[in-house]
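Just the one chain here, laid out as structure tokens, in the form predicted on its own.
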Amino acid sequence: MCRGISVFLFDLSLVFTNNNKMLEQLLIFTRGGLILWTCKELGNALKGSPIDALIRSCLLEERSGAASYNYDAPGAAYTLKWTFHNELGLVFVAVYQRILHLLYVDELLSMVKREFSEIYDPKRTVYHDFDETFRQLRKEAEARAEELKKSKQVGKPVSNSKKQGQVQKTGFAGGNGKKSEGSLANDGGDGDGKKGRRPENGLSNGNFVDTVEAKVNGTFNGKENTSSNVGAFDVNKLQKLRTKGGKKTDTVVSKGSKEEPKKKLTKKNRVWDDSPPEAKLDFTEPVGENADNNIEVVAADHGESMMDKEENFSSESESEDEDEIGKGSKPDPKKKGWFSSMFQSIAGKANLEKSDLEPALKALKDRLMTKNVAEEIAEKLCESVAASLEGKKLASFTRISSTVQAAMEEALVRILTPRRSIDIMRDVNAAKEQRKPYVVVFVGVNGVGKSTNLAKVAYWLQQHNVNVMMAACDTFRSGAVEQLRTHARRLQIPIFEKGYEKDPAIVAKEAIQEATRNGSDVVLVDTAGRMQDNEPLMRALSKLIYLNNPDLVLFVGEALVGNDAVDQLSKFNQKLADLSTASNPRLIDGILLTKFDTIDDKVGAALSMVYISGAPVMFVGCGQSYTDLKKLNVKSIVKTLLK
């Protein structure tokens, strides 16, 4: 067996030595999608579509500020790295297998970018003469990476031997623990300083674990043992206490051992009279199998839904907004005078650098965070905008602040604009042609207004002559069935209910079957609110979605949340993916934002939710009546975010 393992490791080392210099693919294309050059020498057929996935998931989603992108395909796992030439509108992408960890890719991309930009001509589409240039650049980058690798390999054994010697000395140092520890922290080796350095928080990694274990075992007797390990388990102090008061501790222990633990008293139910107690507090009315009888008609017309009204957005002058951002991006008067800045705005700047963009981006980031955008999302957006502007030439009579704001506005519009159709009426008609109901499941955390906004969606569908059925699958919260029953009575809509303490997945399945028999066009499934960290409830939700395969999974979230929006949506999607038994699990398809009328200009939750999930905002709840449901106005949101 050992021989087989050694042969396998030898073959694996041969694979690495043969492939550690090999890229899978390197290509150059324009922002319009025209491929200008690919490396014919590599000629490796990529599995899957990593380039398309990079464009769709990173470049178009304003995640281009990331360092790399990982793509998983059947039988392969790739890492993609890229760089831009913003002035020429070129994209340079390198693809290699993730397991190889190539060290020279970043340097090779920068060298290819520099050389190709010199021969680039917008009228040319073929660059066969670049093959020889790339061959030389690759050899040069590989040679530098090999030299760096050899220097690290030479430096590592020396530093490791020093560390081991110091660890052995500290074991017998007595009161010199401080000195030996300081020498250990200062010895980092060549290119390996992080492993030998001790973090400030007392945690450790690498070879420093030996010294920490020695401290815990009591080998350090100096001052460092007491100062650095506050609250740690000290063996020496425990031994001193035992020698001083051994008998007292023994007696205390012996007394404590004789005492038996008292039994916890359980509170008995109080009996007020001789009548037998009720088994359950379930006051729901008994219903039949169809569960749609005895619906009392209360009201029929509540007005026209706001979904069908066009919202007119009056665009104000943008100069005021640019002036406010310009305040935060004004250069220091000590560094640059008024005349030089005015001359630069007239003549234009050669190329924008990262240092030029930082003041304006910082002001924009602070502004987005004041609008309730999650800090992580605001930072990633600014990084993406910086990557798209770096290297571009600033036009004449144009300020950096206005350029940055225009780029951010384009990015926000691109993120918030749905990439697929969100026309539910078209999907309902398509399902009607197939003679099956269109099923919508409402999910979300507690108290966000799932039942109320479900009734708003039902009213909007009802106005378009769609036969709607409600399914009361919140069998957990007290009063949930009665609440939905009240909405159904007011809207004259049938409701399918089975009471409480039932499996919601089975209730939803029976509701869909009943809707098929009765000819209902849409089934709106109400579910219980659950926190994203509650695994049993998330498992039940995953079962409901897997068993019924709904046409639309709507996440109902509050517009009031800030950073918590990222946590809620990401964990909901993660739990639905992890707990599903399907090979291709269903995730969140759309977002319904509630309480939008209470946030004034704090509209950042919409941006955070769309950015983290990729799902579009399909409905916006903006009041308490059935008509208070509207579409998301992307231009209005973007204007408010940058105002």
Partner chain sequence: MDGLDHWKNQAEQWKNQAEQWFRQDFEYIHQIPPNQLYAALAVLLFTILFVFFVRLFKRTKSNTIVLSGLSGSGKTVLFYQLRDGSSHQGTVTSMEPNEGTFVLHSEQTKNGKKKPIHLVDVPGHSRLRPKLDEFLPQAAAIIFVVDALEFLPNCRTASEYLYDVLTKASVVKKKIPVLIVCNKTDKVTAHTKEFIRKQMEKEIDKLRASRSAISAADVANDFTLGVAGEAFSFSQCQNKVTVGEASGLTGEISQVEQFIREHIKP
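Numbering follows the first chain given and starts at 1. Here the structure is a predicted model, which is why all the values come from computation and not from measurement.
FYI, the form predicted together with the partner chain isn't displayed, but the following is about it.
Enquirer: Residue-level contact is defined here as any heavy atom of the residue lying within 4.5 Å of the partner chain in the predicted complex; does I35 satisfy this criterion?
Expert: Within the cut-off, so yes.
Enquirer: With the cut-off set at 4.5 Å between non-hydrogen atoms, does E410 touch the partner chain in the predicted complex?
Expert: Answer yes; at least one heavy atom of E410 falls within 4.5 Å of the partner chain in the predicted complex.
Enquirer: E61 versus the partner chain, in the predicted complex: is there a non-hydrogen atom within 4.5 Å?
Expert: The answer is yes: E61 has a heavy atom within 4.5 Å of the partner chain.
Enquirer: Evaluate P418 for contact with the partner chain in the predicted complex, applying a 4.5 angstroms cut-off between non-hydrogen atoms, and reply yes or no.
Expert: Contact with the partner chain, yes.
Enquirer: If we take heavy atoms and a 4.5 Å cut-off, which stretch out of 443-451, 428-436, 143-151, 110-118 is in contact with the partner chain in the predicted complex?
Expert: Residues of 428-436 come within 4.5 Å of the partner.
Enquirer: Among the candidate residues D129, D423, D533, E353, which is the single one with a non-hydrogen atom no more than 4.5 Å from the partner chain in the predicted complex?
Expert: Partner contact (heavy atom, 4.5 Å) among the options: D423.
Enquirer: Just one of T125, Q513, S478, T370 has a heavy atom within 4.5 Å of the partner chain in the predicted complex. Which one?
Expert: None of the other options qualify; the answer is T125.
Enquirer: Whether R31, K40 and V91 jointly form a contact site for the partner chain in the predicted complex is the question; each needs a heavy atom within 4.5 Å.
Expert: Answer is yes for this spot.
Enquirer: Counting only heavy atoms, which residues in 51-79 are within 4.5 Å of the partner chain in the predicted complex?
Expert: The stretch touches the partner through I51, D52, I55, R56, L59, L60, E61.
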